[in-house]
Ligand code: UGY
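Read the single chain below, which is given as structure tokens and is the form predicted on its own.
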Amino acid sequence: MHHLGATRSSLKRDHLLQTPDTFVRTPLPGASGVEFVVHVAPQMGAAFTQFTAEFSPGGVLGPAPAQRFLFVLQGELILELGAETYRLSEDGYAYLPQGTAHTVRAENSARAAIIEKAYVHAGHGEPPQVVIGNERDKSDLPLMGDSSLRVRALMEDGPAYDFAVNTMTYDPGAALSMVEIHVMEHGLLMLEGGGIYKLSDSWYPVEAGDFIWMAPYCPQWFGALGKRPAKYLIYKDWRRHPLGA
């Protein structure tokens, strides 16, 4: 059905809202039986790439050119890491440092959110390690003491790691206590529910399946609407000096 050019998607200087009605799928090198929706990339001005990978039965994804974070949205994926094999079910995730030899494959149809970023060294200390887990096993942490807004940290937090990935869950009616403006860049995928996002001077209704990119210093605020919690997966660069030192 044609909607005469109408869409909630919007591209501005410092942010992008990309809704499923505007997703375009493409193959990428190093994968077989996998289609990708590239949400944001350096062509946008971002310092990372985020895409949704849609695996057909038997689909295979090879190693990344950078460090990779993978979060299973639907189905099950098999991660082969040297002599070890891990089955990642829905909400399972893996962080793979840059240069880690690995393969991801699907026995049946599956979908995953994938974030890739060139690693920025801290200049000292131990290198990052592989991280494998499931979001459901992580503890809720209230944001700024507000138990109606809960964060689950999926990445390790330490000098070796140059980005963070969290889930954030809002009870119906919960909202950020402030409009945030900061140096970190974000990639955000709505997982459940919906609400209203303020990005710069624009206000957007958002729902599960939507993707948002926020450039550094983009004003941002979210409030949950509806009768069920709103939840999203969010990336930010982390623990590195803005000058790269």
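Numbering starts at 1 and follows the sequence shown. Nothing here was measured: the structure is a model prediction, and the numbers come from that model.
Omitted here: the form predicted together with this ligand. The next part is about that form.
A single residue from the set Ala47, Leu176, Ala208, Ala31 has any heavy atom within 4.5 angstroms of this ligand in the predicted complex; that residue is Leu176. Using a 4.5 angstroms limit between non-hydrogen atoms, Leu191 is distant from this ligand in the predicted complex. Remark: Lys231 does not count among the residues lining this ligand in the predicted complex, judged by a heavy atom distance of 4.5 Å or less. In the predicted complex, this ligand stays beyond 4.5 Å of every heavy atom belonging to Glu35. The shortest heavy atom separation between His186 and this ligand in the predicted complex is within 4.5 Å.
Only one of 23-31, 37-45, 56-64, 212-220 lies within 4.5 Å of this ligand in the predicted complex by heavy atoms, and it is 212-220. By the 4.5 Å heavy atom rule, the three marked residues Phe69, Lys138 and Arg150 all fail to count as contacting this ligand in the predicted complex. Residues are counted as partner-facing when one of their heavy atoms sits within 4.5 Å of this ligand in the predicted complex; in 167-183 these are Met168, Tyr170, Leu176, Glu180, His182, in sequence order.
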